[in-house]
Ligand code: DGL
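Just one chain is shown here, as structure tokens, and it is the form predicted alone.
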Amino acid sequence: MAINAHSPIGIFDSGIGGLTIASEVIRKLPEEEVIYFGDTAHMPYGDKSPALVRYYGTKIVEFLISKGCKIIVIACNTISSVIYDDVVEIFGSRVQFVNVIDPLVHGLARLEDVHRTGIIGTQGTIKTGIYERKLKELRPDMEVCSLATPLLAPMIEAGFFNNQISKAVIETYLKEDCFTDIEAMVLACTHYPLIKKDIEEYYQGTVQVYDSTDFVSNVVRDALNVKGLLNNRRSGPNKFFASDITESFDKTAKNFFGEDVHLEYANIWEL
């Protein structure tokens, strides 16, 4: 299938978190068609082995390539940290890839007034140390404190965000001593923008809060522009696929994109 400017943008995640990325891409690139895949049958990925994450992620990439996507956004920090280099090596001659880690790291590194940073994410992402390593390469002077927050993604997937339950769990994590005197907090999970408001309220303006939605859509636009693949006219509707149609996925998708969102079930594991 030949790729051209009218080909869709593929975006995928383990569940609903990547919808935050998809929403921002659609907002900033309204002429583009997006195909989203959420692996709701296997989420969360944060506690999965790298081998299993690699298997699930590669199958989703193959599915999006079969749909003719011209660029694929790995809208999950855990997946990005595990398979990005692998899929670029295997599929890079056929399609472009964007992960959610590098745009956020490069954006943060440019903030000259930030010298002490906190990072929260899934166990899988934090365990790799990828954010600390990449930040230190660009900003050796930056102090980084990372904390795995394993309750947050399942809590969000279950629909508990922007309420008293989410605020209590968030406060417990953010009270950790290592976050004392930080100037920025990095939300190293694409689910976490859904609780960004709660985190900002906790800090009451004393800490800048950043996530991948602040930077990824610009990277996608620039990557397509360089290749001459920016669309000037949408050729079809945005499509949303899931490996299991859950109530929380349906509700969150409609909150982002309106009642006309049609979710399609896709059992890609038997392809």
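This one's a predicted model, so the numbers in the text were calculated from it and none came from an experiment. Quick note: we count residues from 1 along the sequence shown, nothing fancier.
Omitted from view is the form predicted in complex with ligand DGL, to which the following refers.
Note to self: Taking ligand DGL as it sits in the predicted bound form, is Asn99 in contact with it (heavy atom to heavy atom, 4.5 Å or less)?
What the structure shows: It does not: once ligand DGL is placed as it appears in the predicted bound form, Asn99 has no heavy atom within 4.5 Å of it.
Check: Are any of the heavy atoms in Pro44 no more than 4.5 Å from a heavy atom of ligand DGL in the predicted bound form?
Finding: Result yes; Pro44 sits at the interface with ligand DGL in the predicted bound form.
Next item on the list: Please run the contact check for Val186 against ligand DGL in the predicted bound form: heavy atoms, 4.5 angstroms, yes or no?
Entry: Judged by the heavy-atom cut-off of 4.5 Å, Val186 is well away from ligand DGL in the predicted bound form.
Margin query: So, Ala153 and ligand DGL: in the predicted bound form, are they within 4.5 Å at any heavy atom pair?
Written below: Taking the distances in the predicted bound form, the answer for Ala153 is yes, it comes within 4.5 Å of ligand DGL.
Item checked: Per-stretch contact check against ligand DGL in the predicted bound form, the hit in 110 to 118, 77 to 85, 196 to 204, 159 to 167 (non-hydrogen atom, 4.5 angstroms) -> Checking each option against the 4.5 Å cut-off leaves 77 to 85.
Notebook entry, point to check: So which bits of 219 to 249 sit within 4.5 Å of ligand DGL in the predicted bound form, heavy atoms only?
Noted result: Stretch hits: zero.
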